[in-house]
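Let's start with one chain on its own, the form predicted on its own, as structure tokens.
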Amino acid sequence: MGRTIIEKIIQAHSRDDAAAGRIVWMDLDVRSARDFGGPNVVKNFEQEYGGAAPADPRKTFFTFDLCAPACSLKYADNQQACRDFARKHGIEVFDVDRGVGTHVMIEEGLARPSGTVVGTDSHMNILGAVGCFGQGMGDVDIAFAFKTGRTWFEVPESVKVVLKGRPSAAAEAKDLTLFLCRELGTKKIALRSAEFYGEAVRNLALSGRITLCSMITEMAGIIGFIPENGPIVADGDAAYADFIELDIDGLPPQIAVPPSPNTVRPLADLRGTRIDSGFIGSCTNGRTEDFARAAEILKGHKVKKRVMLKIVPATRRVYEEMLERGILETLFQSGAIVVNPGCGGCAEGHVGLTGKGETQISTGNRNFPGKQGKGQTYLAGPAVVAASCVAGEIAGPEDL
């Protein structure tokens, strides 16, 4: 019997039979912790292993992206505890100036096709965008991974998802992703690995693949892969737990309405909904291409006077590209607020939070009650967020 992509990757890192449903010991190419969870990893490591050193400091990393720079005394202490541990053991820290850890790992070549990476980030499965297995784990498990370079894992079943047709010209990768959130919900790929096929995903650039793979968590999946746009493919006789075919022909822009990323409706149904703020960034839509698209919409326009548009690049490299291409100037001239690289509103104290009574439209991946504050958050693609901030209400570029 042939193997699916997830089975192939895990098998290459294990001496056990990596068939779906089996629990195996898996070698890890990269083990990491961020400023959320990282201090507990350090605490657990030192309590459990005393003065021992990590298995291989060259494969061990810290990434600070949730509160960058530290926005509270607690975060300042937590980050410094990780720095001290890293200095002691010769571990590299991608500090508060670098940006979202998963994105930095892709840029630095640490997350490689067919590789295995774990960390304290629930969206570590973003790495599926480059054909790498990424998995978020708790601080005790990550401390063990630091010490041994291994972890145990139950090999998930795989689902084959085939997309038929082409989305409309107005649709972005985020619209396709939100459509999948609606159609797959939190059950169809729950605790499974998904493989996406079809022209729409085959044509996605890296930024679009990141957008799609970053929201597998919101579909309750383990990870997503796009085989036709990557170096690793499943065997022709691989066994799948399910086969799902979806028609996306003519798909228009989509919006996730509160209180869930899976409650998705067409933009047309929500046009005219008043907003107070917008956010473009996060691990889902923080790439240069996302800001370039927003800048296209904003050029020659101004953000409506009573509206805040908050911009958070995913990484320092993205910020540099925005400077070089004039994107940053366009965003600034439109009245947008641009800050340093990081996760944005998924962390308390960082840009993107909402106050009670505030309505925000965001390119983020979650809009659960309380996740980004006491306000209400709608999820959309960069073009719709930019247009909405000019109009002061949910709108598409064609409405300007």
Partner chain sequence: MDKDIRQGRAVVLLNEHGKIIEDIDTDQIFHNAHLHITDIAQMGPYAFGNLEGWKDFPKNCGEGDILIAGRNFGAGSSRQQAVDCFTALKVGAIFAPSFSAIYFRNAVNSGFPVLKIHDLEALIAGKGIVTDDVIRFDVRSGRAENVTRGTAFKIEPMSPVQHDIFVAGDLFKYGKRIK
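Fair warning: this is a prediction, and the values are worked out from it, not measured in the lab. Positions refer to the first chain, counted from 1.
A second form of this protein, the form predicted together with the partner chain, is not displayed here; the remarks below concern that form.
No member of the trio 5, 14 and 164 reaches the partner chain in the predicted complex with any non-hydrogen atom inside 4.5 Å. Screening 229, 263, 122, 207 for any heavy atom within 4.5 Å of the partner chain in the predicted complex leaves a single hit, 122. With the partner omitted here, the residue from 91, 255, 105, 137 that has a non-hydrogen atom within 4.5 angstroms of the partner chain in the predicted complex is 137. Segments offered: 302-310, 94-102, 239-247, 149-157. Contacting the partner chain in the predicted complex at heavy atom distances within 4.5 Å is 149-157.
Using a 4.5 Å cutoff between non-hydrogen atoms, residue 78 counts as a contact of the partner chain in the predicted complex. At least one heavy atom of residue 43 is located within 4.5 Å of the partner chain in the predicted complex. Residue contact with the partner chain in the predicted complex: residue 217 places a heavy atom within 4.5 Å of it. At least one heavy atom of residue 222 is located within 4.5 Å of the partner chain in the predicted complex.
Along 366-390, a non-hydrogen atom within 4.5 Å of the partner chain in the predicted complex is carried by 366, 368, 369, 370, 371, in order along the sequence.
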